[in-house]
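First, one chain by itself: the form predicted alone, in structure tokens.
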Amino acid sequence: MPKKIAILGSTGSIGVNTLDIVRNSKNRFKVSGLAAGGNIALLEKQIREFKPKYAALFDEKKTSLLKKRLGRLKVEIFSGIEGLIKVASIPDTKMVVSAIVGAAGLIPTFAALKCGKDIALANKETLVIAGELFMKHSRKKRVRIIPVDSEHSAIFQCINGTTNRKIKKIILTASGGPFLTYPAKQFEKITTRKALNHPNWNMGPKITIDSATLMNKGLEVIEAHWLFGIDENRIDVVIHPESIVHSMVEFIDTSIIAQMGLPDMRVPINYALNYPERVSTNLPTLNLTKTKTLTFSEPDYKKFPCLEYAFHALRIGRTMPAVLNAANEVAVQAFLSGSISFTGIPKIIKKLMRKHQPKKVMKISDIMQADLWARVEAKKLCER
């Protein structure tokens, strides 16, 4: 019997790549549900091809149009956050792929967790803002959390069941983004077009900007802390422009194990969907004789302060990571819309973190309150 999966964020880059894996492995997977933000054209196409029983559109205003376009096709359509929760909670679904970008993915991913679904996690913000609560519930429900991010998938594969006591440190690799060698004095003039031109990966606009500021790597540090139970003093970040080594783990005997491969998100997605099996793909393989050189260097925290802010938020804990994430989401959107400069992104995050009085997280509502406060305050700063 094919494994039934639901995809939250099916029209984004992770969702599209996930469906490409499914398309080439129809005997292994059946799509039970699809959820998207507002791209009805692509969602309609996906529904017609993969024929899920349920689908959801977060943008409630477009739901009636989607229903009209689908006509008499046998699929139940839901809308809004409740719709996403419905798709995440389909009874016979075995795995939910959490690929919604940003904090919007938290509630439906938590819903999947509470229903006991295994989760292929691409939405790093779930662990950034609610890591302690999320991992606590995953242990209680005995749910498997399989990382989809290439870096965390690499760490997951390198650890391979090893206990934390045997791990000396985790080494996250970062491409450095498009401005690795760009002079800091030119950062104020960086345009959205330049920032969206990532040298190695094809991602959505928000994640691409996060990669340019190195905030993406900062968020991954927090995610790694919760996924693998490793404190921030044992998490290093190294710049690796070739994006061939996806991350490494150093063990207590000083051995370092790395996971390598071409930068293609279908590889970690395929691994997550099929775990614990390894299943072949039709993807090109890495030829090290052609690559020849792999380089590594330390990140420049002065040029890319967002990375340091993430470490700082992790050390403080409580509601501070939620504020870090919300401030970043608002600032990135403001940059993409032309409201602020590239250097305005870290400035806004810094101001919000200084202003916030972190509180202990007891329940999801504590996180959502901090998230809302940060968004309101960040928008005020952007407008100024």
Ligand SMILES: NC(=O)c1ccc[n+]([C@@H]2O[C@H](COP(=O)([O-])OP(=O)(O)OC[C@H]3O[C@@H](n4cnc5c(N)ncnc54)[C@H](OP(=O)(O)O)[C@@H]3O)[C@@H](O)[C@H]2O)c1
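Numbers follow the displayed sequence, beginning with 1. Here the structure is a predicted model, which is why all the values come from computation and not from measurement.
We do not show the form predicted together with this ligand, though everything after this point is about it.
- When this ligand is considered in the model of the complex, Pro205 lines it closely, a heavy atom lying within 4.5 Å.
- Gly38 belongs to the set of residues with a heavy atom inside 4.5 Å of this ligand in the model of the complex.
- The shortest heavy atom separation between Gly102 and this ligand in the model of the complex is within 4.5 Å.
- None of the heavy atoms of Leu214 is located within 4.5 Å of this ligand in the model of the complex.
- Just one listed stretch, out of 331-339, 66-74, 30-38, 348-356, contacts this ligand in the model of the complex at the 4.5 Å heavy atom level, and that stretch is 30-38.
- Leu84 is the sole member of Ala224, Val237, Leu106, Leu84 with a non-hydrogen atom lying within 4.5 angstroms of this ligand in the model of the complex.
- Within 4.5 angstroms of this ligand in the model of the complex, the stretch 114-128 places a non-hydrogen atom from each of Ala122, Asn123, Lys124, Glu125, taken in sequence order.
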